[in-house]
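In structure tokens, one chain follows: the form predicted on its own.
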């Protein structure tokens, strides 16, 4: 396994009056090349969990292993892990600070000790992957649109050539156009780079479109872990912890209850559109035949 959490517990303000257990006995294995979504209500432990992945937070007890090694074994290993597991926080554009887009993205590779030539190559590649045009390289990052700023911030992490990319609510606060841009680029990155992607999201629709595997958290524990279909068919269990399946699934269920021959484990608009189109085509054909 590429990333493992073995019996991880985390307690905020341990030993004080404000002590709060944020994670309880987390056991998790993530393989190379997986696209994993993590969902859960606010306060479920999602953000605390992902900060353990690259050692921003050290477990109160338990181990975090990257490629079989305990990332907290020594400082050198921890530094290497942070370069290999890139974490993009919510609203990452708030971390843009350089005078040009290019310099901002190049900061990470240069800080790793790469030569200017190597850093430039990585920066160009990363900006190309996220879809920032060359004509925007020398602009101030603050001149970009909201969606472009988000993509530039993601490029800054990609330029460090991570083996795992962790995205915490990457579409939060964006308008519909910016949201679509980011989702399209995430899908492209997955297809082009073949890296492991871990997506934290409140949008069940985004999760259904992009992920292969869904981890559901509640009150600091993993309560479900399976494929999109396996998790989202558990509508009752999700509802009990304040979550829902993608809206499309409720439409398909309503059609089924009305007597239409449709599957109910459908979670994306494209899948639903194909099924409804075929349904209408069959009905039209039957109607024509009856005449």
Partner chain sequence: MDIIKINNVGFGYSYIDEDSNKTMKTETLKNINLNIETGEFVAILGHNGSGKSTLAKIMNALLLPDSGEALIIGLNPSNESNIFEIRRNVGMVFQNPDNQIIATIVEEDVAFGPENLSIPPDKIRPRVDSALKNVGMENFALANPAYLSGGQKQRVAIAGVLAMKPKCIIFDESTAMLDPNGRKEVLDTAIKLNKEDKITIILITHFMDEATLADRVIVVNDGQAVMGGPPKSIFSQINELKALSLDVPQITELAYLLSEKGLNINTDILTIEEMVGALCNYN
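What you see is a predicted model, and the numbers here were worked out from it, not measured in a lab. Under this definition, the rigid core comprises the largest set of C-alpha atoms superposing within 1.5 Å between the forms. Residue numbers count along the first chain shown, from 1.
A second form of this protein, the form predicted in complex with its partner chain, is not displayed here; the remarks below concern that form.
- Of the candidates 61, 42, 227, 27, 42 is the one whose heavy atoms come within 4.5 Å of its partner chain in the predicted complex; the others do not.
- Note on contacts: among 68, 236, 31, 242, the single residue with a heavy atom within 4.5 Å of its partner chain in the predicted complex is 242.
- Stretch-level contact analysis of 105 to 113, 81 to 89, 122 to 130, 169 to 177 against its partner chain in the predicted complex, using heavy atoms and a 4.5 Å limit, identifies 169 to 177.
- In the predicted complex, its partner chain sits beyond 4.5 Å of every heavy atom of residue 35.
- Although the partner is absent here, residue 274 sits close enough that one of its heavy atoms falls within 4.5 Å of its partner chain in the predicted complex.
- Contact check for residue 50: every heavy atom lies farther than 4.5 Å from its partner chain in the predicted complex.
- Its partner chain is not drawn, but in the predicted complex it has no heavy atom within 4.5 Å of residue 223.
- No member of the trio 154, 158 and 160 reaches its partner chain in the predicted complex with any non-hydrogen atom inside 4.5 Å.
- For the stretch 11 to 38, the set of residues having any non-hydrogen atom within 4.5 angstroms of its partner chain in the predicted complex comprises only 18.
- With the core held fixed, the Cα of residue 276 is displaced between this form and the one not shown by 2 Å or more.
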